[in-house]
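In the form predicted alone, a lone chain appears below as C-alpha coordinates.
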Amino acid sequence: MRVFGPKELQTDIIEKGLCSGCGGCVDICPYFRSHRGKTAMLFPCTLEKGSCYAFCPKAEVDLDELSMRFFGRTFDGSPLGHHLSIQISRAGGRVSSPNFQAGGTVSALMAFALMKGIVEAAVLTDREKLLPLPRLVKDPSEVLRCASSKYSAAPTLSAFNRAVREGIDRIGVVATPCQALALAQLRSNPLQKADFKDPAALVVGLFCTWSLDFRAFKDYLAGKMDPSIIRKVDIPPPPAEIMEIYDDQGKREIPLAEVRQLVLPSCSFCLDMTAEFSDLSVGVLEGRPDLNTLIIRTERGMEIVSQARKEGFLFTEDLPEENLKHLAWAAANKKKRALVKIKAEGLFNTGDGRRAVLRFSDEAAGAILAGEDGK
(Lines give C-alpha, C1' and ligand atoms only; values in the text may rest on other atoms or scores of the structure.)
Protein backbone atom coordinates (compact mmCIF):
# COMPACT_ATOMS: atom_id res chain seq x y z
CA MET A 1 0.00 0.00 0.00
CA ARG A 2 1.02 3.61 -0.49
CA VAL A 3 1.54 5.50 2.77
CA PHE A 4 1.66 9.26 3.18
CA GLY A 5 1.67 11.61 6.14
CA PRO A 6 -0.65 13.66 8.34
CA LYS A 7 -0.75 16.57 5.88
CA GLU A 8 -2.25 14.27 3.23
CA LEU A 9 -4.64 12.78 5.79
CA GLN A 10 -5.87 16.26 6.61
CA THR A 11 -6.35 17.35 3.00
CA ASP A 12 -7.56 14.02 1.52
CA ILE A 13 -9.80 12.78 4.30
CA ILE A 14 -10.75 15.27 7.01
CA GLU A 15 -11.18 18.37 4.85
CA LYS A 16 -13.15 16.41 2.23
CA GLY A 17 -15.59 14.97 4.76
CA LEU A 18 -14.40 11.39 4.28
CA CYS A 19 -13.48 10.80 7.93
CA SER A 20 -15.60 8.11 9.58
CA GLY A 21 -14.49 9.07 13.10
CA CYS A 22 -13.18 5.55 13.81
CA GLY A 23 -10.35 6.74 16.07
CA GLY A 24 -7.61 4.96 14.12
CA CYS A 25 -5.48 8.13 13.98
CA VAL A 26 -6.21 9.17 17.58
CA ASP A 27 -3.88 8.55 20.53
CA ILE A 28 -0.95 7.36 18.44
CA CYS A 29 0.58 10.85 18.55
CA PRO A 30 -0.32 14.26 20.04
CA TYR A 31 -1.57 15.70 16.75
CA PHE A 32 -5.00 14.13 16.17
CA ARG A 33 -7.84 14.23 18.67
CA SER A 34 -11.52 13.36 18.69
CA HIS A 35 -14.10 15.60 20.33
CA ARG A 36 -17.84 14.97 20.33
CA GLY A 37 -17.72 12.82 17.23
CA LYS A 38 -15.29 14.91 15.19
CA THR A 39 -11.62 14.19 14.48
CA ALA A 40 -9.31 17.17 14.19
CA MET A 41 -5.61 17.79 13.55
CA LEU A 42 -4.43 20.06 16.37
CA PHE A 43 -0.94 20.90 15.16
CA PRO A 44 0.94 20.61 11.86
CA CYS A 45 3.24 17.60 11.41
CA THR A 46 5.92 17.18 8.76
CA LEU A 47 6.22 13.38 8.70
CA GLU A 48 6.20 12.08 5.13
CA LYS A 49 4.78 8.74 6.27
CA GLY A 50 2.65 8.37 9.37
CA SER A 51 0.67 5.73 11.21
CA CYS A 52 -2.30 8.10 11.12
CA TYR A 53 -2.48 7.83 7.32
CA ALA A 54 -1.46 4.18 7.20
CA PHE A 55 -4.31 3.09 9.50
CA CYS A 56 -7.07 5.22 7.95
CA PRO A 57 -9.89 3.15 6.38
CA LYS A 58 -10.45 5.80 3.71
CA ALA A 59 -6.85 6.44 2.62
CA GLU A 60 -5.16 4.30 -0.05
CA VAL A 61 -6.76 1.06 1.16
CA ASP A 62 -5.64 -1.87 -1.01
CA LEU A 63 -8.25 -4.56 -0.47
CA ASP A 64 -6.31 -7.10 -2.52
CA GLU A 65 -3.28 -6.76 -0.24
CA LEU A 66 -5.39 -6.97 2.92
CA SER A 67 -7.42 -9.92 1.68
CA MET A 68 -4.24 -11.82 0.80
CA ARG A 69 -2.81 -10.99 4.21
CA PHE A 70 -5.80 -12.24 6.21
CA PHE A 71 -7.56 -14.77 3.96
CA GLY A 72 -4.93 -15.93 1.47
CA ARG A 73 -6.77 -14.71 -1.62
CA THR A 74 -7.44 -11.47 -3.44
CA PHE A 75 -10.57 -9.43 -2.88
CA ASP A 76 -13.35 -10.69 -5.16
CA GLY A 77 -16.16 -8.31 -4.27
CA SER A 78 -18.51 -11.06 -3.06
CA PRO A 79 -21.38 -9.57 -1.02
CA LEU A 80 -20.49 -11.05 2.37
CA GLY A 81 -16.73 -11.40 2.03
CA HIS A 82 -14.65 -14.40 3.03
CA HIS A 83 -16.37 -16.69 5.54
CA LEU A 84 -16.35 -20.26 6.80
CA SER A 85 -19.90 -20.48 8.14
CA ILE A 86 -23.04 -18.38 8.72
CA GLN A 87 -25.35 -19.21 11.60
CA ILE A 88 -28.12 -17.93 13.86
CA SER A 89 -26.90 -17.19 17.39
CA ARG A 90 -27.76 -15.77 20.78
CA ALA A 91 -26.14 -15.56 24.19
CA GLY A 92 -26.24 -18.81 26.15
CA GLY A 93 -27.46 -19.41 29.66
CA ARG A 94 -24.08 -18.60 31.24
CA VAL A 95 -24.45 -14.91 30.43
CA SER A 96 -27.43 -12.53 30.46
CA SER A 97 -28.14 -8.80 30.67
CA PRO A 98 -31.15 -6.49 30.31
CA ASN A 99 -28.94 -4.29 28.13
CA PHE A 100 -28.48 -6.89 25.38
CA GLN A 101 -29.19 -5.59 21.92
CA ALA A 102 -30.84 -8.38 19.91
CA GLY A 103 -29.44 -11.80 20.90
CA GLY A 104 -26.48 -10.66 22.99
CA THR A 105 -23.99 -12.64 20.87
CA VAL A 106 -21.31 -9.93 20.84
CA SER A 107 -21.31 -9.45 24.61
CA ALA A 108 -21.34 -13.21 25.23
CA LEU A 109 -18.35 -13.80 22.95
CA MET A 110 -16.24 -10.97 24.36
CA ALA A 111 -17.07 -11.84 27.98
CA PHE A 112 -16.11 -15.46 27.24
CA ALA A 113 -12.83 -14.39 25.61
CA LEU A 114 -11.92 -12.33 28.69
CA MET A 115 -12.86 -15.09 31.12
CA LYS A 116 -10.76 -17.65 29.28
CA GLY A 117 -7.76 -15.37 28.83
CA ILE A 118 -8.07 -15.43 25.04
CA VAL A 119 -7.88 -11.66 25.28
CA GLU A 120 -6.24 -9.65 28.04
CA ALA A 121 -8.46 -6.62 27.49
CA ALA A 122 -11.41 -5.67 25.29
CA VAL A 123 -11.94 -2.45 23.36
CA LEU A 124 -15.64 -1.60 23.42
CA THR A 125 -17.92 1.39 22.88
CA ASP A 126 -19.63 2.74 25.97
CA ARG A 127 -21.68 5.91 26.16
CA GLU A 128 -22.05 8.97 28.37
CA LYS A 129 -25.71 9.86 28.00
CA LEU A 130 -26.00 9.94 24.18
CA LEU A 131 -22.27 10.38 23.40
CA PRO A 132 -20.49 7.13 22.41
CA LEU A 133 -17.10 6.73 24.07
CA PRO A 134 -14.27 4.21 23.68
CA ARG A 135 -13.64 1.98 26.66
CA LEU A 136 -10.95 -0.56 27.54
CA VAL A 137 -12.18 -3.27 29.91
CA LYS A 138 -10.47 -6.21 31.58
CA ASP A 139 -13.29 -7.56 33.76
CA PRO A 140 -15.87 -9.73 31.92
CA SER A 141 -18.68 -8.17 33.97
CA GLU A 142 -17.85 -4.76 32.50
CA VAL A 143 -18.62 -6.00 28.99
CA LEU A 144 -22.33 -6.04 29.74
CA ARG A 145 -22.32 -2.32 30.56
CA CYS A 146 -21.44 -1.60 26.93
CA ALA A 147 -23.98 -3.99 25.42
CA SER A 148 -26.40 -1.56 23.74
CA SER A 149 -26.00 -0.14 20.22
CA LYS A 150 -25.04 3.53 19.80
CA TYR A 151 -25.59 4.27 16.08
CA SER A 152 -23.36 7.37 16.16
CA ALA A 153 -19.75 7.33 14.99
CA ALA A 154 -17.30 6.63 17.82
CA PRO A 155 -13.48 6.91 18.05
CA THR A 156 -13.32 3.38 19.47
CA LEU A 157 -9.89 2.59 18.05
CA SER A 158 -8.30 5.32 20.14
CA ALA A 159 -8.68 2.92 23.07
CA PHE A 160 -6.98 0.21 21.01
CA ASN A 161 -4.06 2.56 20.34
CA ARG A 162 -3.78 3.34 24.04
CA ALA A 163 -3.83 -0.36 24.91
CA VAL A 164 -0.98 -1.04 22.46
CA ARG A 165 0.99 1.81 23.96
CA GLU A 166 0.48 0.30 27.42
CA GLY A 167 1.99 -2.98 26.21
CA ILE A 168 -1.20 -5.07 26.11
CA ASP A 169 -0.61 -7.62 23.36
CA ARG A 170 -3.83 -9.71 23.35
CA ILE A 171 -6.60 -7.25 22.66
CA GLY A 172 -10.20 -8.02 21.75
CA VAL A 173 -12.12 -5.43 19.75
CA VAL A 174 -15.79 -4.92 18.92
CA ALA A 175 -15.69 -2.92 15.69
CA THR A 176 -17.90 -1.46 13.01
CA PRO A 177 -16.84 -2.20 9.40
CA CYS A 178 -14.73 0.96 9.04
CA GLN A 179 -13.07 0.27 12.40
CA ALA A 180 -12.39 -3.36 11.43
CA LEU A 181 -10.85 -2.13 8.15
CA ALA A 182 -8.65 0.35 10.01
CA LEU A 183 -7.57 -2.49 12.31
CA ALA A 184 -6.72 -4.62 9.28
CA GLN A 185 -4.55 -1.78 8.01
CA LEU A 186 -2.79 -1.56 11.38
CA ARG A 187 -2.39 -5.34 11.67
CA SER A 188 -0.74 -5.59 8.25
CA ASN A 189 2.26 -3.58 9.55
CA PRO A 190 2.09 -0.92 6.80
CA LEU A 191 5.20 0.91 8.05
CA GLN A 192 7.19 -2.32 7.97
CA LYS A 193 8.40 -2.18 11.57
CA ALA A 194 10.91 -4.93 12.31
CA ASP A 195 9.60 -5.58 15.83
CA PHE A 196 5.91 -5.55 14.88
CA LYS A 197 3.55 -8.01 16.57
CA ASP A 198 -0.16 -8.18 15.78
CA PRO A 199 -1.87 -7.12 19.04
CA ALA A 200 -5.43 -8.04 17.99
CA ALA A 201 -6.39 -11.43 19.47
CA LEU A 202 -10.07 -11.27 18.48
CA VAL A 203 -12.01 -8.89 16.25
CA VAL A 204 -15.81 -9.07 16.46
CA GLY A 205 -17.39 -6.99 13.72
CA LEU A 206 -20.82 -5.40 13.73
CA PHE A 207 -23.15 -5.21 10.74
CA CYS A 208 -23.53 -1.56 9.79
CA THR A 209 -25.08 0.35 6.90
CA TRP A 210 -24.31 3.83 8.25
CA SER A 211 -23.32 5.86 11.32
CA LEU A 212 -24.82 9.13 12.47
CA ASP A 213 -23.08 12.45 12.94
CA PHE A 214 -23.29 12.69 16.73
CA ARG A 215 -23.65 16.46 16.87
CA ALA A 216 -26.40 16.56 14.26
CA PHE A 217 -28.18 13.62 15.91
CA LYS A 218 -28.11 15.21 19.35
CA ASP A 219 -29.42 18.52 18.01
CA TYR A 220 -32.17 16.68 16.16
CA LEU A 221 -33.28 14.78 19.26
CA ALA A 222 -33.07 17.91 21.42
CA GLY A 223 -35.90 19.33 19.35
CA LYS A 224 -38.09 16.38 20.32
CA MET A 225 -37.00 15.28 23.82
CA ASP A 226 -34.36 15.63 26.51
CA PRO A 227 -31.28 13.72 25.21
CA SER A 228 -29.85 13.46 28.74
CA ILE A 229 -32.50 10.93 29.84
CA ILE A 230 -32.22 8.59 26.85
CA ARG A 231 -31.50 5.05 28.02
CA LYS A 232 -31.44 3.08 24.79
CA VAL A 233 -31.66 3.51 21.02
CA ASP A 234 -32.69 0.72 18.66
CA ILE A 235 -33.53 0.21 15.00
CA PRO A 236 -35.76 -2.82 14.41
CA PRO A 237 -35.05 -4.93 11.31
CA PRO A 238 -36.88 -4.10 8.05
CA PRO A 239 -39.61 -3.39 7.16
CA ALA A 240 -40.12 -1.33 10.37
CA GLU A 241 -38.46 1.88 9.04
CA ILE A 242 -38.34 3.48 12.48
CA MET A 243 -35.83 4.31 15.19
CA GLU A 244 -36.94 3.52 18.73
CA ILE A 245 -35.83 5.88 21.50
CA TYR A 246 -36.23 4.70 25.11
CA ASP A 247 -36.12 7.29 27.88
CA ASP A 248 -37.50 7.71 31.39
CA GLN A 249 -40.96 8.32 29.93
CA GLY A 250 -41.08 5.16 27.81
CA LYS A 251 -40.54 4.46 24.11
CA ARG A 252 -40.79 6.93 21.25
CA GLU A 253 -40.63 6.19 17.54
CA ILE A 254 -38.90 8.38 14.92
CA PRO A 255 -39.20 7.86 11.16
CA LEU A 256 -35.96 6.36 9.85
CA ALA A 257 -36.23 8.61 6.77
CA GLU A 258 -35.59 11.62 9.03
CA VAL A 259 -32.71 9.94 10.84
CA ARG A 260 -30.96 9.07 7.56
CA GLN A 261 -30.53 12.77 6.85
CA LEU A 262 -28.00 12.81 9.74
CA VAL A 263 -25.72 10.08 8.38
CA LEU A 264 -22.02 10.91 8.00
CA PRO A 265 -21.05 11.68 4.38
CA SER A 266 -18.16 9.21 4.64
CA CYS A 267 -20.60 6.29 4.96
CA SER A 268 -21.53 6.61 1.28
CA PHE A 269 -17.93 5.63 0.43
CA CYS A 270 -18.03 2.38 2.47
CA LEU A 271 -18.44 -0.95 0.61
CA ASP A 272 -18.67 -3.11 3.70
CA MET A 273 -21.93 -3.89 5.49
CA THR A 274 -20.82 -6.96 7.46
CA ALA A 275 -17.32 -6.07 8.79
CA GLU A 276 -15.49 -8.39 6.42
CA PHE A 277 -12.04 -7.95 8.01
CA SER A 278 -12.99 -9.45 11.35
CA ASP A 279 -12.85 -12.90 12.90
CA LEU A 280 -16.58 -12.94 13.56
CA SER A 281 -19.33 -10.64 12.29
CA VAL A 282 -22.64 -10.15 14.08
CA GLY A 283 -25.93 -8.47 13.15
CA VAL A 284 -29.61 -8.64 14.01
CA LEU A 285 -31.46 -11.55 12.42
CA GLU A 286 -34.11 -10.21 10.08
CA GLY A 287 -37.58 -10.86 11.44
CA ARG A 288 -36.23 -11.98 14.85
CA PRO A 289 -34.88 -9.02 16.86
CA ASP A 290 -34.10 -11.41 19.75
CA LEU A 291 -31.54 -13.31 17.65
CA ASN A 292 -28.35 -12.59 15.73
CA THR A 293 -26.82 -13.54 12.43
CA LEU A 294 -23.27 -14.78 13.07
CA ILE A 295 -20.68 -14.91 10.27
CA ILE A 296 -17.58 -16.95 11.14
CA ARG A 297 -14.65 -15.79 9.01
CA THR A 298 -11.43 -17.18 10.48
CA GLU A 299 -10.22 -20.38 12.09
CA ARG A 300 -9.63 -18.64 15.41
CA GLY A 301 -13.16 -17.25 15.22
CA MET A 302 -14.47 -20.75 14.59
CA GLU A 303 -12.54 -22.12 17.57
CA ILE A 304 -13.83 -19.42 19.93
CA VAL A 305 -17.43 -20.00 18.84
CA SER A 306 -17.02 -23.74 19.34
CA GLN A 307 -15.60 -23.28 22.84
CA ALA A 308 -18.23 -20.70 23.83
CA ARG A 309 -21.00 -23.00 22.64
CA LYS A 310 -19.65 -25.97 24.57
CA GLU A 311 -19.41 -23.98 27.80
CA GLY A 312 -22.91 -22.51 27.60
CA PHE A 313 -22.00 -18.97 26.58
CA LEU A 314 -23.47 -19.22 23.10
CA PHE A 315 -26.32 -20.94 21.30
CA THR A 316 -26.21 -21.43 17.51
CA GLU A 317 -28.33 -23.04 14.81
CA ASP A 318 -28.43 -23.10 11.01
CA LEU A 319 -29.41 -19.95 9.14
CA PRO A 320 -32.43 -20.35 6.83
CA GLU A 321 -31.63 -19.96 3.14
CA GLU A 322 -34.12 -17.13 2.72
CA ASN A 323 -32.36 -15.06 5.42
CA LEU A 324 -29.01 -15.68 3.78
CA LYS A 325 -30.28 -14.56 0.38
CA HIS A 326 -31.66 -11.30 1.74
CA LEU A 327 -28.50 -10.57 3.71
CA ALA A 328 -26.37 -11.09 0.61
CA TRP A 329 -28.78 -8.90 -1.41
CA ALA A 330 -28.50 -6.02 1.09
CA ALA A 331 -24.69 -6.31 1.33
CA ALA A 332 -24.34 -6.40 -2.47
CA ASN A 333 -26.45 -3.25 -2.80
CA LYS A 334 -24.26 -1.40 -0.30
CA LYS A 335 -21.13 -2.41 -2.22
CA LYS A 336 -22.59 -1.27 -5.51
CA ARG A 337 -23.80 2.09 -4.22
CA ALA A 338 -20.46 2.85 -2.59
CA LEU A 339 -18.35 1.81 -5.58
CA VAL A 340 -20.47 3.93 -7.92
CA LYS A 341 -19.87 6.88 -5.58
CA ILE A 342 -16.12 6.28 -5.27
CA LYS A 343 -15.69 5.94 -9.02
CA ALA A 344 -17.76 9.06 -9.66
CA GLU A 345 -15.46 11.01 -7.35
CA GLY A 346 -12.37 9.68 -9.13
CA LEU A 347 -11.09 7.95 -6.00
CA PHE A 348 -10.92 4.33 -7.19
CA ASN A 349 -7.65 2.87 -8.57
CA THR A 350 -6.47 6.31 -9.64
CA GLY A 351 -3.77 5.89 -12.28
CA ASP A 352 -2.59 9.47 -12.72
CA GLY A 353 -0.61 9.76 -9.48
CA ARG A 354 -3.61 10.87 -7.44
CA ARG A 355 -4.30 9.21 -4.14
CA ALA A 356 -7.24 6.79 -3.92
CA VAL A 357 -9.80 5.79 -1.32
CA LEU A 358 -9.80 2.17 -2.48
CA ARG A 359 -7.75 -0.09 -4.70
CA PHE A 360 -8.62 -3.59 -5.92
CA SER A 361 -8.93 -5.39 -9.23
CA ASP A 362 -11.09 -4.14 -12.07
CA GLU A 363 -12.51 -7.69 -12.30
CA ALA A 364 -13.85 -7.50 -8.74
CA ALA A 365 -15.18 -4.00 -9.42
CA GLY A 366 -17.01 -5.31 -12.47
CA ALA A 367 -18.56 -8.11 -10.43
CA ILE A 368 -19.81 -5.62 -7.84
CA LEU A 369 -21.30 -3.29 -10.44
CA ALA A 370 -22.98 -6.18 -12.26
CA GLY A 371 -24.59 -7.37 -9.02
CA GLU A 372 -27.85 -6.44 -7.30
CA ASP A 373 -29.83 -3.30 -7.99
CA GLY A 374 -28.04 -0.53 -6.12
CA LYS A 375 -31.05 1.79 -5.80
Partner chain sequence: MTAGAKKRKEAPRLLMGNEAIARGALEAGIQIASGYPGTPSSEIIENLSRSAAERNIYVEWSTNEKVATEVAAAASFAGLRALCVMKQNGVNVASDFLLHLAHSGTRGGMVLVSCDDPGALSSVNEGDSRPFARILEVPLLEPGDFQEAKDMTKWAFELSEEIRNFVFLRSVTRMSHASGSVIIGDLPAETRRPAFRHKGSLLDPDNGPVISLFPGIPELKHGPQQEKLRRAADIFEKSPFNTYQGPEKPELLIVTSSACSLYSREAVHLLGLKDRVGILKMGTTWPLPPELVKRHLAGTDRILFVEEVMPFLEENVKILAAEAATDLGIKYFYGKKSGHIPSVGELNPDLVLSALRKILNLPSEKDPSDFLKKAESIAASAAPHRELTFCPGCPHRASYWSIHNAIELDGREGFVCGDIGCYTLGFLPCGFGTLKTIHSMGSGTGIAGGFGQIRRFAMNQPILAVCGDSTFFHAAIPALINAVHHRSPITVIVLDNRGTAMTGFQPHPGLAVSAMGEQAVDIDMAEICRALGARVEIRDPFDLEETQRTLNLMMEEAGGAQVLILRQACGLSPEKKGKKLFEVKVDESVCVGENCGCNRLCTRIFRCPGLLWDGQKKTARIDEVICAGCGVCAGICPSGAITKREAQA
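The structure displayed is predicted, hence computed values, not measured ones. Positions refer to the first chain, counted from 1.
A second form of this protein, the form predicted in complex with the partner chain, is not displayed here; the remarks below concern that form.
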Proximity to the partner chain in the predicted complex (heavy atom, within 4.5 Å), stretch among 322-330, 34-42, 338-346, 307-315: 34-42
Position in contact with the partner chain when the complex is considered in the predicted complex, options 170, 224, 215, 145, heavy atoms within 4.5 Å: 215
Heavy atom of residue 165 within 4.5 Å of the partner chain in the predicted complex: yes
Residue 29, heavy atom within 4.5 angstroms of the partner chain in the predicted complex: yes
Contact label in the predicted complex: residue 51 to the partner chain, heavy atom within 4.5 Å: yes
Partner proximity in the predicted complex: residue 68 to the partner chain, non-hydrogen atom cutoff 4.5 Å: no
